[in-house]
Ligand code: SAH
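Given next, in structure tokens, is a single chain: the form predicted alone.
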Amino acid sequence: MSREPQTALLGLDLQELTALVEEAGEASYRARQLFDAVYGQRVLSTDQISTLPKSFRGSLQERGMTVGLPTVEKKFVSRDGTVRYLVGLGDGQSVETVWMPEGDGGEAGDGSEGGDDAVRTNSRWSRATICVSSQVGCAVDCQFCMTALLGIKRNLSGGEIVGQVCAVLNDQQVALPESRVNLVFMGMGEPFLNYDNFMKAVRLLVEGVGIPESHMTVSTAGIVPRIYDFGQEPVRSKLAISLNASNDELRTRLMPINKKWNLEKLMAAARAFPLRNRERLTFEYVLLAEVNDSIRNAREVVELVRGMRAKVNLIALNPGPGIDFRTPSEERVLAFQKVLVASGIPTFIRRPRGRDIYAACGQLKRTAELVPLS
């Protein structure tokens, strides 16, 4: 739906940058210098690319070429250290991106579910996660998600997806690869409905910014054809599937996308997904009080997942204005987990991060002002 702005370097891959420098009459190796500066060094302007001749930098400016980093319009800091960024885009739209220091509450799917294993070094975090958006708004319309209330505005370009990461890394003064940073594509939007731009961003983040694909996880509500496509990608992140219900009737009520790709089709794609060595598929399950959190629901989830190399992340609903569901009690969450664990399914309860600033899972809504949670 959106096209990469022709004046932005951010979002151009090495091949595209090579075409740009050759068109300008420069040697092809200048493309690698541009690529390293834009993605590896995360420069703010072409003036900062000291490896380029002054004449070429002037030429880029004359042609209106900019790095194209998005702007941080607002920042909200949680009592737990989480930061919610309202990131402004070139056309006046905005998305939200979240920084979670010292772990990710299980969101990255890297086996460190609680984030408590991160060790402070000189009072600094040693590991962090960035939650990245892929669309302005979302079309999937999950009934328990605040982002769904926005509807869909447009897709983000590859450069806008990468730009969120670069903007946050710059703001947090992160040096790579010295620091461990995980990325979760679990922010605003459905990444698999913006598949080509999302995949381009993944490649640029791996090859340019320097974040390994093993440190990335993408979450999908269940765009079945793209799950099959994703499994064939030579460079890809880990996969998480938002399950959120244990049977078709309930899932269709909570996630209308189930009408198009029901649980039979979704689980067939999940079982066919080619996992790498030591990799597990992640299923995410948002628990809603008295809706999908019963022992019967837990037993149905066991049957859906049985025999798969998978794990389940349980998320007690993060509340917000306009959401007509309640957060379940800790007792019901623990009882649900107990059923899955007893059946041999690794199951983790995700610790909410940034709930007080509307930065937790399901709460992103381009909120410029905070409304106190009741």
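We number the residues from 1 along the sequence you see. Keep in mind it's a predicted model, so treat the numbers as computed, not measured.
The same protein has a further form, the form predicted together with the ligand, not shown here; the description that follows concerns it.
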161-169, 217-225, 90-98, 76-84: which one contacts the ligand in the predicted bound form at 4.5 Å, heavy atom to heavy atom?
217-225
The ligand contact in the predicted bound form: Phe144, any heavy atom under 4.5 Å
yes
The ligand contact at Phe198 in the predicted bound form, heavy atom, 4.5 Å:
no
Close approach of Met186 to the ligand in the predicted bound form, 4.5 Å, heavy atom
yes
Please run the contact check for Leu205 against the ligand in the predicted bound form: heavy atoms, 4.5 angstroms, yes or no?
no
Note which of Ser237, Thr129, Ser242, Asn194 lies within 4.5 Å of the ligand in the predicted bound form, where distance is taken over heavy atoms; exactly one does.
Ser242
Taking the ligand in the predicted bound form as the reference, which of Leu317, Val67, Ile349, Ala37 has a non-hydrogen atom within 4.5 Å?
Leu317
Any residue of 248-273 with a heavy atom within 4.5 Å of the ligand in the predicted bound form counts; write them all down in order.
none
